[in-house]
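Shown next are two forms of a single protein chain, provided one at a time as structure tokens under the names structure 1 and structure 2.
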Structure 1
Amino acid sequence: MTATTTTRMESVTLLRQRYRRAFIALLAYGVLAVAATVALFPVFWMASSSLKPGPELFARDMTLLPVNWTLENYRNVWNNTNFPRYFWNSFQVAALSTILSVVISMYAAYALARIQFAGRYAFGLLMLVTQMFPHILLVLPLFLIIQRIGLLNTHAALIIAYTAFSLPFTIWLLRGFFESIPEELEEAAAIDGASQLMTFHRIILPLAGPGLAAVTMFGFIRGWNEFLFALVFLQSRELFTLPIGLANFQEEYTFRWDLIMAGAGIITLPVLFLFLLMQRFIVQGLLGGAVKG
């Protein structure tokens, strides 16, 4: 076999490998494109329907895009319903439960990551086990507890429930993030005379910004979108959060799709804005929290 023949065979092999990699990449991108289309189509349909006038929205021949664009549905849901009250209730509950879960989880996670005590690994695993139970199994016990302490039909009941169910995930995530920070930084601060608490506040927390952003986003979305506990714990209409208020646009014999679609669009905007604002920090936080722990 001559050198020229060998070179040609190697070139053909390399060309085949390139075509194979290109085909695999094209196939992967095609699968991702189909999956993204399937996942995003409900959002697209919601946005399109919210911009359609009433006759077009309820017409027999549906169109993907509005023929006559209008913001009347948004004006109607905001000005002629209790939607602003629901919006403010959801914001209060989501914000307060997020603040509580972040504050509690950052101290608990740091203790699990740095302080040596008996059973800390077992405690961490126990927190993960609690995530395996469906929330619907815990509704009745939690309802009885909330009722006996006199917090039924209050936003405080939701704040307590959302905080409790967010803590296992946020503590575990922040624990992994804290463990990825070199301990030499804390040792250097201790040599300079800083206490452990001072080191945590002035050195560790600034470095843990991406992790805190990730758990903040997680806690806010959980409190903003949660339906089951709000349905069980709240009875007064003026206390309803957005998911419950949106469900009330279902009338006895009809669905107010114009109000539901416009309300769903408004509900999506704060979460979308928050995600776009904190996207880079969220990715860093999730990757950092997955390194150890």
Structure 2
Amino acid sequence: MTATTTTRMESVTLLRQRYRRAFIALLAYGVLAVAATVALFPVFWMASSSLKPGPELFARDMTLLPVNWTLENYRNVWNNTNFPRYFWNSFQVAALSTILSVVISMYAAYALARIQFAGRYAFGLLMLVTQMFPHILLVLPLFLIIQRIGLLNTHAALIIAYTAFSLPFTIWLLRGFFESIPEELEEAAAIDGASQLMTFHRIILPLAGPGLAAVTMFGFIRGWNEFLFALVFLQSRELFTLPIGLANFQEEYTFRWDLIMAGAGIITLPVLFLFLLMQRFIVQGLLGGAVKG
């Protein structure tokens, strides 16, 4: 008799526990849904506004979703402003500076990860400290230097600057990826008589693929989004990159929020696409960069 009551009591508690758990899970989902709505509302509003025709955008009675949704704003930005020009400029600058910084940094990252040399610690420290330099400080003397060597108002100045500023972060991140590659592999290659550089190119580099993809994306997003240096270095409108091009809309097309929101949408879409494509790598990169750094 005692045995059956205990099992029955046990099953009742188990059931109760299960209900409790289900309730907590439900509650968690509810809170998450509310939090996500609040956090993402601005993005939703940007998308919604960019798809509304002008009269709806400035209507007294706002609607959450466009009533007569349209791509007209996007067409206007693309056909009637300098936006395609800015888009191409941004792409060039971001892509070139990313390629440069990834190629330069992968060698340094490998040395930092795998080789014992005098000054290794100092070099690592330098990477950390330079990441801390405020850009608003660097931009002033760089402005004078760039002016002196006649590179003011050129894309070259931006490409050089972006390359330099993503180097420390890229090196730091790639170093983590190289460290995770088994050391035996290169030892075997060294015994086989491959040169050090060849070992790196043929054996290590292919294995660091995900890391290289991650830093490439980080670099590209950084160049694509950068504002301050572009603002200071560029003067002619035809050289503008997307961020300053869009910021300039505020004066150029006052109160044209239809154009501004569609423009913001165009700048965001490529980055969003990269983000969704490589979400896992981004999280890895953030953790590697932030927690180790």
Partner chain sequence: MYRRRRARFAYFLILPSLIVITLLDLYPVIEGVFVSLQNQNMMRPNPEAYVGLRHYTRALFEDIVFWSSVGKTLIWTAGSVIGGYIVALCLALLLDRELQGRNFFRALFLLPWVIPDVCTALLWKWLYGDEFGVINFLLLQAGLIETPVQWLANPDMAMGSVIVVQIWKLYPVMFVVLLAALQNVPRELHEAATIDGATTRQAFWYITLPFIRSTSVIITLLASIWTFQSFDVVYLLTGGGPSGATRILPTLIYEKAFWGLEMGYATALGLLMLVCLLAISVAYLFVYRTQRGEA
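Rigid core here is just the name for the largest C-alpha set that superposes within 1.5 Å across the two forms. Quick caveat, the model's predicted, so the values are computed rather than measured. For numbering, take structure 1's sequence and count from 1.
**OP:** Looking at the two shown chains, say which is the form predicted together with its partner chain.
**Re:** It is the second structure that is the form predicted together with its partner chain.
Original post:
Core-aligned, does residue 140 move its Cα 2 Å or more between structure 1 and structure 2?
Top reply: No, because once the rigid core is superposed, the C-alpha of residue 140 moves less than 2 Å between structure 1 and structure 2.
**OP:** Using a superposition on the rigid core, decide whether the Cα position of residue 115 changes by 2 angstroms or more between structure 1 and structure 2.
**Re:** It does shift by 2 Å or more.
Original post:
Is there a C-alpha shift of 2 Å or more at residue 30 between structure 1 and structure 2 once the rigid core is superposed?
Top reply: Yes.
Subject >> Core-referenced Cα shift (Å), residue 19, between structure 1 and structure 2 >> reply: Once the two forms are fitted on their core, the shift reads 7.9 Å.
Original post:
Cα shift of residue 39 between structure 1 and structure 2 after core superposition, in Å?
Top reply: So the C-alpha of this residue moves 3.5 Å.
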